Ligand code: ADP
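There is one chain below, alone, in structure tokens, taken in the form predicted alone.
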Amino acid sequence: MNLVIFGPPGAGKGTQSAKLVKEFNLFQLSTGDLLRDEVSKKNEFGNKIDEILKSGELVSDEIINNLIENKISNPQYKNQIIFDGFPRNLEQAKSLDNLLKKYNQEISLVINLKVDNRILVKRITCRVTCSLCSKTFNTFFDPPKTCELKGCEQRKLNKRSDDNETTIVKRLKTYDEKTFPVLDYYQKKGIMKNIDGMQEISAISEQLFTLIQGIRS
């Protein structure tokens, strides 16, 4: 069973993916994490990606597809992947189908988290991360509290450089223009379900668990 969790930046894809990973023993494949991992290497390739991310533009399909295939081709993750933040446009959706077919896999369910853009800006611009355990908080919706990892009393709360209103508004505009056709693509396949992403986190999780249990039964 492979899943796609779909929605604009700040819709809660990462939060819900983490819960699904724990509940169903799945592997979360986040393109954002893959890209940030490359950026952290501070080589020519990583610096190029960093410039693109800071500008609010989308990274090229070629770069994304190569990073994705490295994971899909790993037998350890076969039919156990949650695609978080991918695909972002119609071409990527079709490429993903081809890549999965190449390794005898398919998408079982696409989850679309729907959230108002005004709320998304609040969620993203107020996001901070613990410097020690990487737990994410939101100074507006989820004020920073004690981390789960012992020793985080000495933490710093970091803010990503691309989490600013100008970049976020540009990312949301790019999302509207390039990724909505993906919804129609999966809708026609009959594998997409819309979820109200404005609900409490636990309420969203409950709906997702029910959907997935229905597929697996």
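Here the structure is a predicted model, which means the values were calculated and not measured. Numbers follow the displayed sequence, beginning with 1.
The discussion below concerns the form predicted in complex with the ligand, not included here.
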Query - Exercise: I64 in contact with the ligand in the predicted bound form, heavy atom 4.5 Å - result: yes
Query raised in the report: With the partner left out of view, is K178 within 4.5 angstroms of the ligand in the predicted bound form by any non-hydrogen atom?
Result: no
Report task. Mark Q207 yes when one of its heavy atoms lies within 4.5 Å of a heavy atom of the ligand in the predicted bound form, and no otherwise. Result -> no
Requested in this report: Check whether N194 has any heavy atom within 4.5 Å of a heavy atom of the ligand in the predicted bound form, and answer yes or no.
Outcome: no
Report summary line: Interface check vs the ligand in the predicted bound form: of K48, R160, K189, K173, the one with a heavy atom inside 4.5 Å is R160
Query raised in the report: Can you name the residues of 1-25 that have a heavy atom within 4.5 Å of the ligand in the predicted bound form?
Result: P8, P9, G10, A11, G12, K13, G14, T15
